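Just the one chain here, laid out as structure tokens, in the form predicted alone.
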């Protein structure tokens, strides 16, 4: 799966938890723009993991701020899994 497709999917999954009903872009901040509580963030990340059949380590999330950051992480984890 290509990065652009992963980004679209992450945006689609984020829309399910978007209570502010904002327009999401790759540059949207996951916490600041979506305004998610910690439990909602965990649920969202679980959906991402389930959808892409990956495991996102807690240490990997340190640099994830935007939708694009998360999509890139998913892309790399998916590629590593195939190796």
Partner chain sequence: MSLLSNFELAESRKKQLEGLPINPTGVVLEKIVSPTEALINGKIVILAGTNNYLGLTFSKDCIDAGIRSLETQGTGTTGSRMANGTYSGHLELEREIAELYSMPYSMVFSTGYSANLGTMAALLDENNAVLIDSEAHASLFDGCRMSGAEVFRFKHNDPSSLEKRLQRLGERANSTLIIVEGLYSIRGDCAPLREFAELKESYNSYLLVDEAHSLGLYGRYGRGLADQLDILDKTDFIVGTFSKSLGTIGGFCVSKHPQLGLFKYSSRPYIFTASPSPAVIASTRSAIKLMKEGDHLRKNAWESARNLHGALESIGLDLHPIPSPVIGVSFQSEEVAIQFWNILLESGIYTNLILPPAAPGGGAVIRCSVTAAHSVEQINKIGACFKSIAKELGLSKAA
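Not measured: the values here are computed from a predicted model. Residue numbers count along the first chain shown, from 1.
The discussion below concerns the form predicted together with the partner chain, not included here.
Notebook entry, point to check: Can any non-hydrogen atom of residue 32 be found within 4.5 angstroms of the partner chain in the predicted bound form?
Noted result: No - in the predicted bound form, heavy atoms of residue 32 and the partner chain never come within 4.5 Å of each other.
Next item on the list: Report whether the minimum heavy atom distance between residue 49 and the partner chain in the predicted bound form is within 4.5 Å.
Entry: Output for residue 49 is yes: heavy atoms within 4.5 Å of the partner chain.
Note to self: Whether residue 27 contacts the partner chain in the predicted bound form should be assessed with a 4.5 Å heavy atom distance threshold; does it?
What the structure shows: Residue 27 lies outside the contact set for the partner chain.
Check: Counting only heavy atoms and a 4.5 Å cut-off, does the partner chain in the predicted bound form sit next to every one of 42, 54 and 58?
Finding: All of them do, each having a heavy atom within 4.5 Å of the partner.
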